[in-house]
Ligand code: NCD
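Starting off, we have a lone chain in the form predicted alone, written out as structure tokens.
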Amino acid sequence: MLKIFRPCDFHVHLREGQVLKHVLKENNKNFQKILVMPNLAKPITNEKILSKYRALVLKNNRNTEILFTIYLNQDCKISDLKNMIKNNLFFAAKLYPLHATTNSSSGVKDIKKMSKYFEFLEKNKIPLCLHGEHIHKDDDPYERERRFLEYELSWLVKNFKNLKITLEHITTKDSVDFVKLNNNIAASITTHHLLENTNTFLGDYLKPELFCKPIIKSKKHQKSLLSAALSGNSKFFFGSDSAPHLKKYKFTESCCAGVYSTKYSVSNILELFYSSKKTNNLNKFLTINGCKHYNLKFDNKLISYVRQKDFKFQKYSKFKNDSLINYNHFKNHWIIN
């Protein structure tokens, strides 16, 4: 048995419509807080869109604190951002490089042209969450994260020293090292980037359900992520980047990027720390570190989880005439006692 605080997930895609209701229900079962991403089909760039989305999410929410984000690009108006902050409508700003991932066609081509927004966030103590990839038509997808550190993030931390930054879903040793060396930066790490590598993703045969952005990296990088997460280092915390897509959009010639991990993410993290004999750092990775980075209070009531061996996992969750694909890594399963 393990007793831990109710976990937080600081990177979640709820999507919209009927999928949102299904995904939010799974999140309600597992998390005390979730940080919700704004890259909808029509990105959340202003108060009108955000208010409508907030109403839909909160109507269907049960017992989870929802932290909303705004989609930061040049369509955002400073006056609108000021008003949303005044009314406490969003918690953090999310920046996507142009064409970096799902629904990023409204993303930012050159972050150096976003200085007025970074100054605004810094002044108002609003966290900036980054999809950390340098996107160029000739770049190797496996090098995009490293290049982002070199070309974009180095410039950002040099010019906005008091801006609180989250480098989201990191996948490389380069990012681990960068985060450790720089103030005001922390990083979220996903379940699948901790547990998978290029060999498990495409070594024997390609697994479309593991295709994501940033792409899963080699075992060398995986080991660095594991070391950072298992150590309890306060700069690293859990953010699943759980991203639901219907089966028909994953098992197709143009596979969508995203791993839907919510259903078993807590169980997978518990089994990882248990098998690594690092359960004393579970609360740090799953709850404390993220809340500390974001200056949030958290519920410290302990919840008991018990381990079930050879559990029969549900790979597909039926949804209308299709299915969502649930990610799971281990044979054993942890459930709330």
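Just count from 1 along the sequence shown to find any residue number. These numbers were taken from a predicted model, which means no experiment stands behind them.
The form predicted in complex with ligand NCD is left out here; the points below concern that form.
S.K.: Does ligand NCD get within 4.5 angstroms of any non-hydrogen atom of His169 in the model of the complex?
M.R.: Yes, His169 lies within 4.5 Å of ligand NCD in the model of the complex.
S.K.: Any of the heavy atoms of Asn184 lying within 4.5 Å of ligand NCD in the model of the complex?
M.R.: Although ligand NCD is absent here, Asn184 would stay clear of it in the model of the complex, with no heavy atoms inside 4.5 Å.
S.K.: Is Thr102 close enough to touch ligand NCD in the model of the complex, meaning at least one heavy atom pair within 4.5 Å?
M.R.: Heavy-atom contact with ligand NCD at 4.5 Å: present for Thr102.
S.K.: Would you classify Asn39 as touching ligand NCD in the model of the complex, given a 4.5 Å non-hydrogen atom cut-off?
M.R.: Yes, contact at 4.5 Å.
S.K.: Of Pro127, Gly239, Gly258, Gly107, which one comes within 4.5 Å of ligand NCD in the model of the complex, counting heavy atoms only?
M.R.: Of the candidates Pro127, Gly239, Gly258, Gly107, Gly258 is the one lying within 4.5 Å of ligand NCD in the model of the complex.
S.K.: Which of these residues, Lys217, Lys263, Lys164, Lys213, gets a heavy atom within 4.5 Å of ligand NCD in the model of the complex?
M.R.: So the residue touching ligand NCD in the model of the complex, by this definition, is Lys213.
S.K.: Pick the stretch from 149-157, 85-93, 243-251, 219-227 whose residues have a heavy atom within 4.5 Å of ligand NCD in the model of the complex.
M.R.: Of the options, only 243-251 has residues within 4.5 Å of the partner.
S.K.: Pick out the residues of 1-32 whose heavy atoms come within 4.5 Å of ligand NCD in the model of the complex.
M.R.: The stretch touches the partner through His11, His13, Arg15.
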